[in-house]
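Just the one chain here, laid out as structure tokens, in the form predicted alone.
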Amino acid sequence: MDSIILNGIKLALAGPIELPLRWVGDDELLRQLLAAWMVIDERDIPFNPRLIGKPGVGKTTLGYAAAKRLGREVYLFQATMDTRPEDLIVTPVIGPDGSIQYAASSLVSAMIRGGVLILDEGNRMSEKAWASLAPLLDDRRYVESVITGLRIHAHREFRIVVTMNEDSSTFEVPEYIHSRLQPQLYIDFPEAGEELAILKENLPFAGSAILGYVVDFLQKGHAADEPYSVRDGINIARYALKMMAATQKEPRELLPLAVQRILGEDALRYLK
């Protein structure tokens, strides 16, 4: 594990992530995200964009793809309702010899190394957690660790993107944070052609018939404003394929069972 010494305090750094993700959606969204991260003058600073949409529409994938387009290391922090300020910054841990050591979060590790941080499901965090990030999200670009007394400045190449699900959140994001998370990029459900391309990307071993059935099902659900996502479609197709291998039945016979097992009885109406 890499480490760094700041003002005499040794911090163990988190490692970047590598995910098998490729953005297959709207290229315009990718361009808009990359533009938000641009710095066009030595006095300029990057935006801290937020990606908003229903669960499963590809917000994390978009952030990851944009970071990889820049050739940067990618770090991920999964926000939850019990995320504490120290979880976001520096956490004390017990070392092998019983001494207190300090572990930098994935966010702070990205700040130090000039990587990209995806703060996933940010609207799950409390205001206390968000308050600890306020100076990072404006032109100060630093965080302060109460535990170590360190003020940690972000590398000039550090970038952050926050994903937020468009559903009932555990906490309301405070207005002073909203104003720091700009621009807002909304990711909607994809059109049929894009949806088919995403399914093919994730299920290259699936036949065209079953993917066509799943896309038709998803598009009917979208038209009825159901929350069914491409992720749901991937799971439906994957389960149907496994059942095909186990029973030798046809996709059309097995799709209702897969839909029912993944999304429940009510979803069957969109197969008619």
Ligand SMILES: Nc1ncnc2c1ncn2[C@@H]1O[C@H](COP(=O)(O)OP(=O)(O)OP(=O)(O)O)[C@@H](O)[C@H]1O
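This structure is a prediction, so every number in the text was calculated from the model and none was measured. Throughout, we count residues from 1 along the sequence that is shown.
Only in words, not in the display: the form predicted together with the ligand, which the text now covers.
A residue is said to contact a partner when one of its heavy atoms sits within 4.5 Å of a partner heavy atom; Lys68 fails this definition for the ligand in the model of the complex, lying far away. Taking non-hydrogen atoms only, Asn165 approaches the ligand to within 4.5 angstroms in the model of the complex. Within 4.5 Å of any heavy atom of the ligand in the model of the complex lies no heavy atom of Ala129. In the model of the complex, the ligand lies farther than 4.5 Å from every heavy atom of Lys242. For the residues Ala154, Val161, Leu107, Ile198, the 4.5 Å heavy atom test against the ligand in the model of the complex is passed only by Ile198. When the ligand is considered in the model of the complex, only one residue from Ala237, Leu33, Val57, Val215 comes within 4.5 Å through any heavy atom, namely Val57. Between 33-41, 207-215, 243-251, 58-66, the stretch whose residues reach within 4.5 angstroms of the ligand in the model of the complex through a non-hydrogen atom is 58-66. The single residue of 108-126 lying near the ligand in the model of the complex is Glu121, the criterion being any heavy atom within 4.5 Å.
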